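Have a look below at one chain only, the form predicted on its own, in structure tokens format.
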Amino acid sequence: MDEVWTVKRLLDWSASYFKNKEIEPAKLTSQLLLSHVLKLPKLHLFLQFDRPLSASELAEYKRLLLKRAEHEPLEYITGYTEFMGLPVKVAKGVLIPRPETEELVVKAEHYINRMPGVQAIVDIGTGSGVIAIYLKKIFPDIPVFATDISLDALAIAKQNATDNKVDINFQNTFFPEYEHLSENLPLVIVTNPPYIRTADVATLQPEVKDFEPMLALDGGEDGLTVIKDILVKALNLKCNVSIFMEIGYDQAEDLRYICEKLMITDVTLFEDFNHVERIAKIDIKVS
């Protein structure tokens, strides 16, 4: 380009371009992409509106802009996101953390603080590792296990744990394997399992269905396959178990029904910020 492209001009043009491509929020997307290319905090863009971009900066910005225009998630383009204020690497092999999962860990944290003698915290289907990492930061003296059947996800989760300076026992399995499990101390499971019905996957936004891993999304025909598996396996443990679980927006009654069939009576559902029951607390007591 022979003409001068300043920060402000490029942001204005990009916001209009993204809006025409139905990429929202258009302005914020432009700001975050340019912040990433220029390696500047987003706020600093507004202090450098008149700064001209070099040819190499423009070329890199155009490359990323075209990726986002094809609905590739911003987090995959930049390679990172934040979860509860913690920096997190993400890539196509892992689910992008969402606000609902932040609500899940906040709820789990609240109750774990009131539970004496927790022997371990388990994150089933850890993905990028954010649940395990956050809870290990908050409860450094409690052993934390994190499982995933995806080796790609585990590689990213391990890197995130290293970057955030926490020690987590990662396992390439669905349900954790324990060397020692005390019958007298409670175990806590915190999980965001795949819960989308197979038939509903095709209706998801392109950013989700075309880029995020199906392994972390598809919960089977009824969306409850993995949820049921977790509950059945937890019932076979020889200690008290408290499960904190994220579920789909319309699965509260289904979960209550499943628990009733499994003779699990202590089930509490919490509303998310949209006033939808999306977080479950399920307590299983050893008889």
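Quick caveat, the model's predicted, so the values are computed rather than measured. Counting begins at 1, following the sequence as shown.
If you look for the form predicted in complex with a small molecule, you will not find it shown, but the lines that follow are about it.
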Quiz item: Can you say which of 252 to 260, 214 to 222, 51 to 59, 32 to 40 gets within 4.5 Å of the small molecule in the predicted complex, counting heavy atoms only?
Solution: 214 to 222
Quiz item: Does the small molecule get within 4.5 angstroms of any non-hydrogen atom of residue 95 in the predicted complex?
Solution: yes
Quiz item: Is residue 173 close enough to the small molecule in the predicted complex to count, meaning some heavy atom within 4.5 Å?
Solution: yes
Quiz item: At the 4.5 Å heavy atom threshold, is residue 147 in contact with the small molecule in the predicted complex?
Solution: yes
Quiz item: Taking heavy atoms only, is residue 65 within 4.5 angstroms of the small molecule in the predicted complex?
Solution: no
Quiz prompt | in the predicted complex, the residue from 239, 234, 226, 26 that sits within 4.5 Å of the small molecule by heavy atoms | solution = 226
